[in-house]
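Have a look below at one chain only, the form predicted on its own, in structure tokens format.
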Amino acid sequence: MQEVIIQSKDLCKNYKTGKTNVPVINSINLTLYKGDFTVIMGSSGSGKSTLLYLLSGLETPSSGEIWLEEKPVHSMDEKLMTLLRREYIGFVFQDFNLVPNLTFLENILVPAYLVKNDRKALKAQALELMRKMDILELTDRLPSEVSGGQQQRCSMARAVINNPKVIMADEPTGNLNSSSSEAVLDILTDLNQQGQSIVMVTHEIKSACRANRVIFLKDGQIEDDLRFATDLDFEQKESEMLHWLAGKDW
């Protein structure tokens, strides 16, 4: 039996527009498992990114519960939530979110310095991550001096520097060309094969086929949930995905 890593119960999120409450996430009950590569899909406005941000504690639910292992994310104050995110969750955003006036190495080390004190060991760890992600030669470069694909790989190194329980990625290839997208997805796939739990929002079928589980949202609710058989190759997964998505509003 797989170990549960994140669970939501009757999760809701509303936004106020004037005097009107607009529901974005509607009573979602979801269990995510350790070691899975889970993708969240759905049409624009279906609530994909909002759900990801709720599960990670970046957004506060209007009602319902979110549990990260045994920790009640839904009832934590911002200080506790910030500490939890630093150690338990790594983020990869579509827009990279690198600090513009810090070098690649410094960007990767920022979250590590907030958690640990052994700077020599952390620098060695960061350099090893940069080597694995093929950006070691960019140690002293600023984000503005490199390509989008290289910035995203830096963002991924930053996300894993604290050995998080789960990596959350919001459209990580959305601003990249096809070759850079492939490189980023290869890194995520390799991390998952090493046991890293990943939750990724995407609208791209080929990206979604990197996962072993796909959740489809519609109007803030889970419409469908697909788990691939373990013995499928990429082409078989893509064929199954296309069949599964047929008739869905995406």
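All residue numbers refer to positions in the sequence shown, first residue = 1. Here the structure is a predicted model, which is why all the values come from computation and not from measurement.
The same protein also exists as the form predicted together with a small molecule; that form is not shown, yet it is the one meant from here on.
Asker: Within 4.5 angstroms, counting heavy atoms, which one of the listed stretches 207 to 215, 49 to 57, 192 to 200, 62 to 70 is next to the small molecule in the model of the complex?
Answerer: Among the candidates, contact is made by 49 to 57.
Asker: Taking heavy atoms and a 4.5 Å cut-off, does S43 contact the small molecule in the model of the complex?
Answerer: Yes, contact at 4.5 Å.
Asker: Even though the small molecule is not shown here, does Y15 get within 4.5 Å of it in the model of the complex, heavy atoms only?
Answerer: Output for Y15 is yes: heavy atoms within 4.5 Å of the small molecule.
Asker: Verify the contact flag for V24: yes if a non-hydrogen atom of it lies within 4.5 Å of a non-hydrogen atom of the small molecule in the model of the complex, no if not.
Answerer: Judged by the heavy-atom cut-off of 4.5 Å, V24 is in contact with the small molecule in the model of the complex.
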